[in-house]
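Take a look at this single chain in structure tokens; it is the form predicted alone.
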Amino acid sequence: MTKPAKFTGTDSYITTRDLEIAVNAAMTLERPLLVKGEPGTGKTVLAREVAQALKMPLIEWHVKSTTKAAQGLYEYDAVARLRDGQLGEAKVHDISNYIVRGKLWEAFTSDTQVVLLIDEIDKADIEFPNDLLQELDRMEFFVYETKETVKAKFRPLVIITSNNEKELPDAFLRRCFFHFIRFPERATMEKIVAAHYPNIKHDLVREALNLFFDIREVPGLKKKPATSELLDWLKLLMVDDIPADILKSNDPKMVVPPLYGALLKNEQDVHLFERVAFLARRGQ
């Protein structure tokens, strides 16, 4: 019996042992993997990297506040059928011409096993997860308009992300394997930076990480900078050839770091950091 492939990360996506175990456990149990963590910690990217590592196609379903669970199965375009009927179109007699397949239908009927990403499930209303329980359990659903049952040829590896904007129902949580992506420690962050920017100067990384983690420790920030913000910031520092010494400058005129817009995402956090930095320098 051939052993199933195991996920061990990729060259561009640095994983922890716990995360690798979670992905592989979800595959073994044939349950959806529910991934939570701070925005910007790589939850969405995880699905893409798993698909790449396991050589599976990726199907992405990005959930919005207006998304309904049924849209993941299919939608019946009654308006188009009515219009075609008025125009005398021959295809109006076949109702299947007006069934728009959703992402789950696409995943279920794929000729190979796929990774199905259901991204930011907590954006939808509270009933959204419960409305998918049966379909994700049985890997099938019924199309009422055509009286057909769509069954999965191969059970997809389902990865579901959540930013914890709202609580998910207990019945849904019971059916998932859960993993919380902790914010990377400094050593792991150094590996992540090296994977994305292998030629970056070591002194720039050192000073940038010092400042980055200092900013994250400022109490009261509405949005702490995360991994994606750090990578964007480092890219800008390299493009503008900002020297490492600037990042540890004691110049009282430079209260916020250069190109801070990549790290701080609202005016309240900018003002808070300015105030904290100013008070810290006065106390030197």
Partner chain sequence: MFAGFITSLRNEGVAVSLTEYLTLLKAMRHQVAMLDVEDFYYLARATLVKDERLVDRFDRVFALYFQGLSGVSQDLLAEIPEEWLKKLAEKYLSPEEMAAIKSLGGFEKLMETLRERLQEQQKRHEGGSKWIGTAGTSPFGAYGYNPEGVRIGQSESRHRSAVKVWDKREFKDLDGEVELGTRGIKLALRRLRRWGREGEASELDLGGTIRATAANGGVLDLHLRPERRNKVKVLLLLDIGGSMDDHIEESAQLFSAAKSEFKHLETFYFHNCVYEKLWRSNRRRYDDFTATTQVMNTYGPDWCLIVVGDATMSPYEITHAGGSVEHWNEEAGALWMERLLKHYPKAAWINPRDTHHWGYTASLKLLKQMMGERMFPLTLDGLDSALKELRRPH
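Remember, it's a predicted structure, so these values are computed and weren't measured experimentally. Numbering follows the first chain given and starts at 1.
If you look for the form predicted in complex with its partner chain, you will not find it shown, but the lines that follow are about it.
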Check your understanding: Taking the shortest heavy atom distance, is E140 within 4.5 Å of its partner chain in the model of the complex?
Key -> no
Review point. With a 4.5 Å heavy atom cut-off, would you call L168 a contact of its partner chain in the model of the complex?
Key: yes
Check your understanding: Just to confirm, E20 within 4.5 Å of its partner chain in the model of the complex by heavy atoms?
Key -> yes
Point to revise | Partner proximity in the model of the complex: C176 to its partner chain, non-hydrogen atom cutoff 4.5 Å | key: yes
**Study point:** Interface residue in the model of the complex among K235, R31, R48, R216, criterion: non-hydrogen atom within 4.5 angstroms of its partner chain
**Key:** R31
Exercise for review: Would you kindly say which of E89, D94, E127, E75 lies with a heavy atom within 4.5 Å of its partner chain in the model of the complex?
Suggested key: E127
Review point. Out of the stretches listed (104-112, 194-202, 143-151, 76-84), which one is close to its partner chain in the model of the complex, meaning heavy atoms within 4.5 Å?
Key: 76-84
